[in-house]
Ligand SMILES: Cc1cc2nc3c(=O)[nH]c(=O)nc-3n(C[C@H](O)[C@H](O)[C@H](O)COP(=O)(O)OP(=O)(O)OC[C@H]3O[C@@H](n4cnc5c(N)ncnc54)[C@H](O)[C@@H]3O)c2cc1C
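The chain below stands alone, shown as C-alpha cells; this is the form predicted alone.
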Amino acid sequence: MLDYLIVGQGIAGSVLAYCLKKQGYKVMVVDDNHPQSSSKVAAGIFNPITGKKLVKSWKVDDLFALVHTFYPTLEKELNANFYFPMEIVKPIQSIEEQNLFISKSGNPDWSGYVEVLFPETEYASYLHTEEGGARLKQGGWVDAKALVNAFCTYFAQEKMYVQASFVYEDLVLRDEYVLWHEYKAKKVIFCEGYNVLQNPYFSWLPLRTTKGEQLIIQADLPEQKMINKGVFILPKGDKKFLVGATFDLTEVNSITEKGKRQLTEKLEKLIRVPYEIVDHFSGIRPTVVDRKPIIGNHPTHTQLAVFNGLGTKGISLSPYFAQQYVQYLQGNSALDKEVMVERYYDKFYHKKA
C-alpha cells in the first residue's frame, strides 16, 4: 500500500512528493505531463520586496532562508541546473517612491534585502531611471520547466511516477484508504493547481483562475541582472528576455493584443533600448482570495487532502510549506493557521446544504 498518492506534478506536487519520499514514505505521483501546465510556463521568480508600497514578501525571512539552501541542494541531487540567484534592479520613478525607499532602507529589517540606492546615471544607458533606483539582494529565479522536468525524470527512475489523466470517477473511497486503478493508498493529496476547480471533492475552495500573458524579447540589455518595475525583465540567455506578466481574471488561456499592448506600454516606460518580440504566450495560475496557500484534509473524507493555491510565489512557498506539511502529517508540528484548509470549511458546508 502507498502512503500517499500525489495528483499533479507541478512545482507544489513535485516538491511535496520529494519531501515525503525523503522522510521514507511510499509515494506515487500522477500527472498527464501537459506541456502547457502552469508550472512549466511560470517565470519562477523569487523577489523579497513586492508591490507599489514596497513591502517585504509574506514570511520572506523564513521562506528565503530555505530557498537558498533547498534548490542548490536539489540541483546536485537531480543533476540539473535551474537555480539562478540574481540581483534585482528596481528603478525609482517618482520622488515619493524615492523617499519611501530611503526610509525603508534604513530599517534594520530591510538590510538583508536592499543593497544600495543607486544614482540616476548608473543604468541610464538602457533604463529610464530619472530618480535613481535600488538593487535588491536575495532575489532570483528558478527555471520552473527545467525543475519540473528534472523531478519527472527522478520520479520515473524511483518508480514513483504514473503519466495519466486523473479521472475522479475512478477513485474509490474506503474508510481507511483509497483505490485508484491498481493503486491503494492511505491518502490522496491533490496538487492540481487551477484544475482543482473541476475536482468534485474540492470545487468549493475559493480559487480563481488568473491568466498571465508574457513576452520573449530580444534586446541589448545586461544578462546578469533582473529588472523589475511594472513588469519584470528576466534574462534567458542569448540576449533574450522574458517580460511579464499580465493579470486577467476574465479571459480564457489565450494570447491577446490587449495583453501584448499592456506589456509593451510598461516595457517602453522602463527601457531605453530597441527590442524585438520573438514570442508571446500565456498561462493560467491558481490564486486564492486571501493569497495564501490552502493545505489540509477534506472536511468529511480524511483520506483526501489538498496542497494548493501557491500561485505566483510557488517557488518560494513550496519548500517551506511542503516541509511544514510533512511535519504536520507526522504529528510533529501544526500548520500555520493562515494556510489551513479549515478556514474555508464553511464554504463546503454551505454548498452541501
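Quantities reported herein were computed from a predicted structural model and do not represent experimental measurements. Start at 1 and count along the sequence shown; that's the residue number.
Although it is not shown, the form predicted together with the ligand is what the next lines describe.
Proximity to the ligand in the model of the complex, taken as a non-hydrogen atom within 4.5 angstroms, holds for one residue of V67, A42, A322, I295, which is A42. This chain is displayed alone, yet in the model of the complex one of L54, V326, L304, V30 has a heavy atom within 4.5 Å of the ligand; that residue is V30. Proximity of K59 to the ligand in the model of the complex falls outside the 4.5 Å heavy atom cutoff.
Although the partner is absent here, Y168 lies within 4.5 Å of the ligand in the model of the complex, judged by heavy atoms.
Remark: C191 counts among the residues lining the ligand in the model of the complex, judged by a heavy atom distance of 4.5 Å or less. When contacts are judged by a 4.5 Å heavy atom cut-off, L5 does not count as touching the ligand in the model of the complex.
Judged by heavy atoms within 4.5 Å of the ligand in the model of the complex, the contact stretch among the candidates 278 to 286, 80 to 88, 256 to 264, 101 to 109 is 278 to 286.
Residues of 208 to 244 placing a heavy atom within 4.5 Å of the ligand in the model of the complex, in sequence order: G212, Q214.
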